[in-house]
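Just the one chain here, the form predicted alone, laid out as structure tokens.
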Amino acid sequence: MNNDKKIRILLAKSGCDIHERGALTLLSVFRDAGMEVIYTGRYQSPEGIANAAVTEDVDIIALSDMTGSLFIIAKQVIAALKEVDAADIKIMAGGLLTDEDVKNLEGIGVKGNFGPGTSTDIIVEHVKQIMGGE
């Protein structure tokens, strides 16, 4: 990855989850770390997230959900990304996650699955690590 290019993240919420505190916190944390962040707001469709990711030319989609539906949401977003020929965009997730959710998410290629209370330093380092190899 070109060191002059900022990491671009689409922070996305799909479905009916109204909990924004974590997403809004990460928005500030990512910006403070020198990244560019686009926040979709609540109630986005998987297709809307995929289209926004392509339009905004992001490197990573960070999915946020506190309803316990991250695996379902991630599968839908991955399918939507394939439909717009953008399956190469990386996805990470945060919210309510069981150990089984993490295993399932990692199995479909979602790397970096963080539950409530995770240090923001760990999340930022994860983003830098997955982008560092490009």
Partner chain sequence: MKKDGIVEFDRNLGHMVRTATQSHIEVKPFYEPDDIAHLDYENDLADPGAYPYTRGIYPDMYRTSLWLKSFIVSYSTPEETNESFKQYIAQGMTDLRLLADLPTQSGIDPDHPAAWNSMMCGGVATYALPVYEKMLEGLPLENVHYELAHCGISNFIYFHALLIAHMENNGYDAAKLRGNSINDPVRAKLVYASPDFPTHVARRVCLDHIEYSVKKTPKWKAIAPNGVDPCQGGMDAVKELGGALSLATAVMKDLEKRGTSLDEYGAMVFALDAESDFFETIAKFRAARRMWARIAKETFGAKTKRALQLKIGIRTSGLSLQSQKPLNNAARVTLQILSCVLGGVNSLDASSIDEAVGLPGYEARIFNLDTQHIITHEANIPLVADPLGGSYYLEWLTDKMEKDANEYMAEIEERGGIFECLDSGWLNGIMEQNRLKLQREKAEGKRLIIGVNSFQGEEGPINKAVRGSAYKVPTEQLRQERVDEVIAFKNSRDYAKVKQTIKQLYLDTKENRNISRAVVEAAKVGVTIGEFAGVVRLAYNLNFDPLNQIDAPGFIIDAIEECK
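It should be emphasised that the depicted structure is a prediction, and the values quoted were computed from it without experimental measurement. Positions refer to the first chain, counted from 1.
One more form of this protein should be noted, the form predicted together with the partner chain, which is absent from this view; the next part is about it.
**Q** I have Val37, Thr55 and Leu81 flagged as a candidate spot, so tell me whether each of them has a non-hydrogen atom within 4.5 Å of the partner chain in the predicted complex.
**A** Not one of the three qualifies.
**Q** Within a 4.5 Å heavy atom cut-off, is Ile73 in contact with the partner chain in the predicted complex?
**A** Yes, Ile73 lies within 4.5 Å of the partner chain in the predicted complex.
**Q** Hey, in the predicted complex, does Val29 get a heavy atom within 4.5 angstroms of the partner chain?
**A** Contact with the partner chain, yes.
**Q** Is there any non-hydrogen atom of Cys16 lying within 4.5 Å of the partner chain in the predicted complex?
**A** Heavy-atom contact with the partner chain at 4.5 Å: present for Cys16.
**Q** With heavy atoms only and a cut-off of 4.5 Å, decide whether Lys111 touches the partner chain in the predicted complex.
**A** No.
**Q** So which of Val102, Ala86, Leu96, Ala33 reaches within 4.5 angstroms of the partner chain in the predicted complex, heavy atom to heavy atom?
**A** Among Val102, Ala86, Leu96, Ala33, a heavy atom within 4.5 Å of the partner chain in the predicted complex occurs only for Leu96.
**Q** With the partner chain taken in the predicted complex, which residues across 33 to 60 come within 4.5 angstroms through any non-hydrogen atom?
**A** Arg42, Tyr43, Ser45, Pro46, in sequence order.
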